[in-house]
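Shown next as structure tokens: one chain only, the form predicted on its own.
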């Protein structure tokens, strides 16, 4: 029995101001790692984008400053500066110091908004060393400063007012400029990633037609600032064209539809390609709903109805013919759905799935009406024929039973443990939450891994050949590949539409390949397979990349393993002279003891979790790198590869 202690009113802690945010930052931004750090930018940026979405802002500039701070500046209305009638301080101060304070709780000033709904600005203030807000409004320029500093009691007071709102001059413009320095006492890192920010603002520019968003990187004082500017007058139509530019399209330009139903603004852009999988990217008030929701259901229902009706009107489908299925019309489809609505209801805390029931009929009504009007117009006959011909091809495969029978036969056979005999070295543990599956390149490395592993919770599956590149392959073709059949059997969760995480036998799926070109190719092939046919495996955080060491330094009884070129110079300095340097060419060179110590031991190893921060960009990259558009792949490689990179290992070994 626990020792009895008093539990009275005095034991109830009341956190004042923004203390709750600093005490439990994960409740507000998810994590104090890199993802949470960038979330600070998104919250301030969302406020500016909300101004644009409601028609008050046309330009946003996001600057990465040399001191590590970030500035977001817009030409919107500017945060109100008058005195709040209840709190008796300026409205700017209220917004940045009070949780759940803002102008978005009714629809008087913001019909549509994203963000944390009255929490974002104050959370950024609470988790920053300092924040400066400049407001241009009513012909004047105002400045207020906040700071998170140590108070009289020795504790840090988050986001306190350092200098109150002050008029510093006149202004002929309107807008808000926010500069903040993330608090290194809170975050694991305060280094912002340029590519992450660049991708995010590009997506937001697509979603907000005509809005210009500029990214300025001022962090290197020795070079000119890096400036990127995005503005898409075509909005999500340009987005759909961008996502399919490396694919073979059935028609040149994406089809754009827009309308309003039940006070919900609906935009849809669709484009069909010659691929066999569909990709739908949906957004609500500029928030990516990666898990779909009622708006996607309405869209799918609408296109099935419209295309069946059009096929019958064109006499392609006869009276005796059955309607085609939605899957037939969605084969090879890339679609972007963006809706703006009030009182958004998301399912869960991640804002990944829309729950509002009224969104389904609204999206359905607009899509049916506008898509029908589009194809009733002149010059759309070829486009319609291409779409219906593609759907008929999919239907023939389905209706003839070839696809269904093959998938059924092969899927059932995947449950047969005979598929794994002599291939999978299973673990004995029955608690799947603890189990790990290592997918290892080659029999040699697989043999070492089988000997090195902890058999209680670690299983090893060696690949006996390079798997099939599944990009632009039908499911039945994928299932004919022995390596993938073995992986599907080992995981136990099915594939494609039948994939179900509840059947997953391993909490961690770790890809373990050599640090060379072949290894990189195998990783890319496996990740493409998981993305196309087991996407939840990635989105729910079950896929990892193993990081074996590149070097081994040995001097007498001292041994050190080095995992990257960036670390080797410092390691050599620590060893001084008379050391032995080895460069691992592959996992097969390691004996079981080395492999356990460096790569398999959970206490010592380094593994990287695979995540999808931006589904649209992930789709674009996979298509470019793994598809058959050679020109697009060459262009990407030429723009992103470092052809002047030295072979560090060869240089070091030559010196030895």
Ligand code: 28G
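It should be emphasised that the depicted structure is a prediction, and the values quoted were computed from it without experimental measurement. Residue numbers count along the first chain shown, from 1.
From this point on, the text means the form predicted in complex with the ligand, which you will not see here.
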Are any of the heavy atoms in residue 72 no more than 4.5 Å from a heavy atom of the ligand in the predicted complex?
yes
Given that the partner is absent here, does residue 178 sit within 4.5 Å of the ligand in the predicted complex, heavy atoms only?
yes
Just to confirm, residue 80 within 4.5 Å of the ligand in the predicted complex by heavy atoms?
yes
Is residue 228 a contact residue for the ligand in the predicted complex, using a 4.5 Å heavy atom cut-off?
no
Among 336 to 344, 196 to 204, 386 to 394, 169 to 177, which stretch sits within 4.5 Å of the ligand in the predicted complex, heavy atoms only?
169 to 177
The ligand in the predicted complex: within 4.5 Å of a heavy atom of each of 285, 291 and 353?
no
Listed residue that, although the ligand is not shown, lies within 4.5 Å of it in the predicted complex (heavy atoms), from 53, 616, 44, 64:
44
As a check of understanding, the residue in 137, 552, 507, 474 with any heavy atom within 4.5 Å of the ligand in the predicted complex should be identified as 137
